[in-house]
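We begin with a single chain expressed as structure tokens, specifically the form predicted on its own.
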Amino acid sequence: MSYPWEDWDHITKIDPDKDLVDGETFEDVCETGTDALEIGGTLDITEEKMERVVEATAKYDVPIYQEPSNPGVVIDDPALDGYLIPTVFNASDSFWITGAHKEWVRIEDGLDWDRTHTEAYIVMNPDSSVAEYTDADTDQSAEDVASFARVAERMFGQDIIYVEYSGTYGDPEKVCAAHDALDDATLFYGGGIHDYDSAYEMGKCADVVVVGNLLHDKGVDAVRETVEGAKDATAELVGAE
């Protein structure tokens, strides 16, 4: 089975609890060249905030995925291309591995299984909200990260492995180790991507670079630079094959 993210290089993550840079619109975001929009955040997320962003982006030709932080903010909107549900493989609290997911499947109208996919998160920044929220054990070597990635793909059948350094730029050695451990799964990387060079460097390790805070802090021109960096990294890798 093939998945759309196998052809992606770049995702822009929109936090519904944060504003865009003054004077910028969601149309501007969709015109950066990003391959997909992922709508979600860790703190203070509500259904209403999610709906607002989906409605504002639905008219543009960019795939939209919801990444809900908890079952209470899942929305049923035909404009969504799907749901990307995190499961944190290095969480010390088992709620974020399977506990929350047990509650998700109890959603009254049922999950749309055809559009629901999981992301095997490996959370690496101890100072991030997501690390605190999930009580993640972030003290992981490159070998540890590679092992988590292999376990997620080979033992749990995960199609997306997500190395997450939210709020800081990660260690390329650890990201590359995760990539080298995978056979067919797609590796997402998020954290600290802030310009062409950082996107290019991580784009040489990860299949897909995810940019989030940059959109809200610096705006669409900065995001567009990261799109170019990620795509140039992929083009160089393809050319070298």
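Every value quoted in this text rests on a predicted model; they were computed, and no experiment measured them. One rule holds for the numbers: they count along the sequence shown, beginning at 1.
Another form, the form predicted in complex with a small molecule, is not on view; read the next lines as being about it.
Engineer: At 4.5 angstroms, heavy atoms only, are Tyr65, His117 and Glu153 all close to the small molecule in the predicted bound form?
Structural biologist: No residue of the spot touches the small molecule in the predicted bound form.
Engineer: I need to confirm a contact call. Of Ala146, Ile85, Ile160, Ile75, which residue comes within 4.5 Å of the small molecule in the predicted bound form, counting heavy atoms only?
Structural biologist: Only one option qualifies, and that one is Ile85.
Engineer: Within 4.5 Å of the small molecule in the predicted bound form, counting heavy atoms only, one of 54-62, 35-43, 178-186, 197-205 shows up; tell me which.
Structural biologist: Correct option: 35-43.
Engineer: Taking heavy atoms and a 4.5 Å cut-off, does Glu228 contact the small molecule in the predicted bound form?
Structural biologist: No, Glu228 stays farther than 4.5 Å from the small molecule in the predicted bound form.
Engineer: Whether Val130 contacts the small molecule in the predicted bound form should be assessed with a 4.5 Å heavy atom distance threshold; does it?
Structural biologist: Yes, Val130 sits close enough to the small molecule in the predicted bound form that at least one of its heavy atoms falls within 4.5 Å.
Engineer: So in the predicted bound form, does any heavy atom of Leu80 sit within 4.5 Å of the small molecule?
Structural biologist: No, Leu80 stays farther than 4.5 Å from the small molecule in the predicted bound form.
Engineer: May I ask you to state whether His10 is within 4.5 Å of the small molecule in the predicted bound form, using heavy atom distances?
Structural biologist: No, no contact at 4.5 Å.
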